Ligand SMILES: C[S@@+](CC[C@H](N)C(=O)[O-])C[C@H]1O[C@@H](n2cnc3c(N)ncnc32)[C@H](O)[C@@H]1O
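Only one chain is shown below, in structure tokens, and it's the form predicted on its own.
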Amino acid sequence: MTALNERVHVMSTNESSPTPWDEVRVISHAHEEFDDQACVVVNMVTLELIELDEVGRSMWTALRETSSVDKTVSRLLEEFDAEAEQLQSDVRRFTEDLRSLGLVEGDIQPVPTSAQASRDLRARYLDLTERALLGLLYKAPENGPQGPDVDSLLAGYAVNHGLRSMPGFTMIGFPRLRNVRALAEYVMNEQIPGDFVETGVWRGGATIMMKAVLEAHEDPQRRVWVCDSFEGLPVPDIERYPDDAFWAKSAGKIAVSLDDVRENFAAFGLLDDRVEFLQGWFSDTMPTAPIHQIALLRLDGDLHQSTTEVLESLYAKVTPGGFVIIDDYCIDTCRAAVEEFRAKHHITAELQVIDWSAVFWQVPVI
């Protein structure tokens, strides 16, 4: 089951409101995916989604069938041992979350608390950052004398399908960028210690999102490590990694300079002394990287060699409960490196699919 955004946690509050709610309607383009443990509901127009636990799933099912907050509460009271006042508050918050994702329509009364206002403001900031990183705030290039610009033809489709973003600060697309945001917020909310790290950053988009999450949650301690050669892909060591021969012609390509990535952080107002740049080939930088504890480790190095070098050097530093994201699992060389490493170290944590390209797993809590 993919986990591209926050899991719903039913939260408690001592506040109550006698204000009756109007009925709400679930949108026609809401798509559901169920399994035995969880449920994901997706807005197929915006690609916004929400992953539900057992209680959230019951709320969603009842709301969809009744179109009424009051009837949903009544049905849940029959299913769960809970106070009516508490359950009504929970359903109100849940329904407001659904509305913010465009999954229900109706005149829903928001939960009037400062905590909710703070959460809404944080979400809006991260939504805006996400759209800016994906290039969704820019007007498509004008058609040239030879006809439509190729980038303008591809941009809308590519971003929504996770292929690449043009223009923008990342090639990973919406699903993988949302995964970075979701897991970063998860480790913040669960207080899993450690820094955020990406190895292979291109223009820096994923690490900029990591830093935006730290800012949104006002975290003063964690660091974001931006690790790259800043000279493009390396010349592969074919003697040790013969399957990397495929990459020989790509050496030095897709390079973005360190200065350019620093400027991208600065453009978002996120460049400070908690953004650490580690420049060099992974074979040189990873074994001695001054990174002590990691909560979120994201690999985007393509090659068998690059993937192995990062995992061998940094995996042991990932805090139990933290996450490892593999951007290039769809590429044979990267997948081979991951499978070899997991087998060598007896890692059995479930690989969770993000999209057609990427996977992640959570380091088990011992």
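Please read these numbers as outputs of a predicted model, since none were measured by experiment. Sequential numbering from 1, following the sequence displayed.
Form predicted in complex with the ligand: not shown, discussed below.
Contact test in the predicted bound form: residue 214 vs the ligand, heavy atoms, 4.5 Å: Contact with the ligand, no.
4.5 Å heavy atom contact, residue 254 and the ligand in the predicted bound form: Yes, residue 254 sits close enough to the ligand in the predicted bound form that at least one of its heavy atoms falls within 4.5 Å.
Exercise: residue 226 in contact with the ligand in the predicted bound form, heavy atom 4.5 Å: Heavy-atom contact with the ligand at 4.5 Å: absent for residue 226.
Residue 194: touches the ligand in the predicted bound form, heavy atom cutoff 4.5 angstroms: Heavy-atom contact with the ligand at 4.5 Å: absent for residue 194.
Candidate spot 220, 296 and 321, all three touching the ligand in the predicted bound form (heavy atom, 4.5 Å): Answer is no for this spot.
Candidate from 233, 188, 123, 271 lying within 4.5 Å of the ligand in the predicted bound form - any heavy atom: For this set of options, the contacting one is 233.
The ligand: the contacting residue among 289, 171, 132, 87 in the predicted bound form [heavy atom, 4.5 Å]: Exactly one listed residue reaches within 4.5 Å, namely 171.
Contact segment among 71 to 79, 263 to 271, 89 to 97, 171 to 179, judged by heavy atoms lying within 4.5 Å of the ligand in the predicted bound form: Result for this chain: 171 to 179.
In the predicted bound form, residues of 260 to 284 near the ligand [heavy atom within 4.5 Å]: Residues within 4.5 Å: 280, 281, 282.
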